[in-house]
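Below sits a lone chain in structure tokens, taken as the form predicted on its own.
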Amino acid sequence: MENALEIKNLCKKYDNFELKNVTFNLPKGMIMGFIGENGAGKTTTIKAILDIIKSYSGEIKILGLDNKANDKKIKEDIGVVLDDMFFPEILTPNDINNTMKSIYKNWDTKMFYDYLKEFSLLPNKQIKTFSKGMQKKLEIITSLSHHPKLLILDEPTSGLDPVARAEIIDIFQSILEKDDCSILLSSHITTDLEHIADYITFINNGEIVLSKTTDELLDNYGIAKCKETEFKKIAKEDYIKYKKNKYGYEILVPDKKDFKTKYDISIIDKITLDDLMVLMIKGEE
């Protein structure tokens, strides 16, 4: 399977933080959810992909091209929404359309105005009159309106209500179907990712903890709940992390079916991405 994005041994060191050999691939035509707590390295990784930050080591390929080479071609084929991205507040959507069609040869004015209408964004109103959620919608539809082959989105639905998030997610899915696009989607709203992401990549403290298909995580992983006497009988190789609470133990297991055949533990719950993050970050080995 061809990859839209390939990252190999990405390293970047700051005084108080470090990306350590970050490696993962995003196959073409897929959505990858990029998860981790604040400060884990998601935004730093994304900015390295976009070559916004410098002096990093490792290899990054976007649509088969080195991210530092053929800059114009890469920029034409990427749509970007960053968490700290913004347009000057004195501009209107009309101004953005006029600017973008001079930048992107594939800029689709009709698509842009269709999206403005769909999200009730008035084209002649200054951005400073828009709510935070409306500004975020404008950023998203701008990133979509030049038919990118790769979307890189850092918290794109932050600040949106559930209805608006659902609308945006529907658009992401339709873009995948129509334009053969691939999406790297960083988000704290993991419930959204459970519904749309084909892959989940989890970063913690600058390191990739896992990168797997969403189905593999949600179908195979589980949380076993047991008493201390039962926990002491479990082999270390059969679980990943555990957490002790006043009721007993919660144990993150990578294969709940196999675990059930080995141990007489009746409660093995399905896992959510939130559960996975909490146990991977806060759990003990």
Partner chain sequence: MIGFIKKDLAMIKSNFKLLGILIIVYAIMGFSGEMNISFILPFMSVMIMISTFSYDNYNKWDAYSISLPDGRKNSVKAKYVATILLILIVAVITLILSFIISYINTKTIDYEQILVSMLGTIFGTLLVLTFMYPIIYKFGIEKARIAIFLIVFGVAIVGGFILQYIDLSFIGNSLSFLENYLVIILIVVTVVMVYISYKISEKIFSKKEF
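Residue numbers count along the first chain shown, from 1. Just so you know, these numbers come straight off a predicted model, no measurement behind them.
Below: the form predicted in complex with the partner chain, not depicted.
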How about K110 - does it come within 4.5 Å of the partner chain in the model of the complex, if we only consider non-hydrogen atoms? no
So in the model of the complex, does P162 come within 4.5 Å of the partner chain, heavy atom to heavy atom? no
Might S187 be said to contact the partner chain in the model of the complex, defining contact as any heavy atom within 4.5 Å? no
Partner contact for I53 in the model of the complex: the partner chain, 4.5 angstroms, heavy atom: yes
Testing 256-264, 240-248, 22-30, 44-52 against the partner chain in the model of the complex with a 4.5 Å heavy atom criterion leaves exactly one stretch, namely 44-52
Contacting member of D114, D179, E194, D95, with respect to the partner chain in the model of the complex [4.5 Å, heavy atom]: D95
Residue among V209, L122, A166, M100 with a heavy atom within 4.5 Å of the partner chain in the model of the complex: M100
Are there residues in 112-144 with a heavy atom within 4.5 Å of the partner chain in the model of the complex, and which are they, in order? T142
